[in-house]
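In structure tokens, one chain follows: the form predicted on its own.
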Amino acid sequence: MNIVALFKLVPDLVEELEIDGNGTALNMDFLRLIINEFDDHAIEQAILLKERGGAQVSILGPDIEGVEDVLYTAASKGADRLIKLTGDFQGKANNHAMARAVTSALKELQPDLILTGVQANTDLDGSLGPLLAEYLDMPYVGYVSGVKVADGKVITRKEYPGGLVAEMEIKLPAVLGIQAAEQPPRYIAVAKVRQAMKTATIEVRTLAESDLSGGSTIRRMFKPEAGTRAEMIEGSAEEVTTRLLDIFKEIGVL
């Protein structure tokens, strides 16, 4: 079985985010990028499928700062092929552009199953999975939290709001948007990653020039302005209760 897992690097939201001088994008000069959390789960799910039933796992990521660390980490987990995609990824490539560009590489790899994170904190124009499925003419299921493979099909565990869970059977080849792997992404020691750097090989594939059409147009980015401040109610329990009742009456709750 041929499995391909894709990932992207996104801003670390623990860092302080700054808007650039144009007011339409984040200032990336000092911003730390990390693997998208859901993509990390997609890679873990791919490795689990390999360990369970045998498969070749290829990991694809865009050539921006930090991509090689992610690829070598995937190799130390058990990935077979590491592929770095070169192209205009610094030019505000949106998911539509990424899907179109990656499609050619995926057609060459001829995967039976494509796994990608169900969403990312930088998604403004839709998630990558459904777009890839459209361009590759494959079925897509998102918000997947479990995958089983049998007889040329996959059985996915899909979660819905309210605690509802469904099992769906999809004929391969297919694209899945992973919300959570069947187990948390495994921890890999730095020493093991360094060992992979000495033995694993990263393939480089150059993508066609990006067509940036189809995405969202950002006209302005700004930090939310502070609205009405919260009222801190002080006093005894009786005084606080009386004030709360007055507030409820003012806003029409009582």
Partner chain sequence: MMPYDAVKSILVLIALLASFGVFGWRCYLALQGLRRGQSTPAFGGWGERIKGLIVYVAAQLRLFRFKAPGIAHFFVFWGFLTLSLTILQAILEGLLAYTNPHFVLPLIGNFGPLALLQDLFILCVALAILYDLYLRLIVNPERYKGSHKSQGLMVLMFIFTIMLTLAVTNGIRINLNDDLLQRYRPVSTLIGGLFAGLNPATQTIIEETAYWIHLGVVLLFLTELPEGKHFHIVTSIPAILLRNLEPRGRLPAAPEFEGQVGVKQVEQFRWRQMLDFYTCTECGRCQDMCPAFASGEPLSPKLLMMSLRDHLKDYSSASLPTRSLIGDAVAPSTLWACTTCYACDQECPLFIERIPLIVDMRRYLVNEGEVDALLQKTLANLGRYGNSFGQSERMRAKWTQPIQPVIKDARKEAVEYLWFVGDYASYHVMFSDITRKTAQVFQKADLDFGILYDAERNAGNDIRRVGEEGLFESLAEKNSAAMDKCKYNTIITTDPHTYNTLKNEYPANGNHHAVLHYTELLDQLIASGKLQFNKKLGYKVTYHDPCYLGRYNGIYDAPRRVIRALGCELIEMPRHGDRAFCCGAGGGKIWMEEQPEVKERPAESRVREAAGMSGISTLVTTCPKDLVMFRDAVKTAGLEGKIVVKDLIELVSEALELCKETVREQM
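Being a predicted model, the structure only gives us computed values, none of them experimental. Positions refer to the first chain, counted from 1.
Heads up, the form predicted in complex with its partner chain isn't pictured, but that's what we're talking about next.
Within 4.5 Å of some heavy atom of its partner chain in the predicted bound form lies at least one heavy atom of Lys192. Under a 4.5 angstroms non-hydrogen atom cutoff, its partner chain in the predicted bound form lacks Asp246 among its neighbouring residues. Using a 4.5 Å cutoff between non-hydrogen atoms, Arg186 counts as a contact of its partner chain in the predicted bound form. Though the partner is left out of this view, Arg32 does reach within 4.5 Å of its partner chain in the predicted bound form, counting heavy atoms only. In the predicted bound form, Asp12, Val14, Glu15 are the residues of 5-22 with at least one heavy atom within 4.5 Å of its partner chain, listed from first to last.
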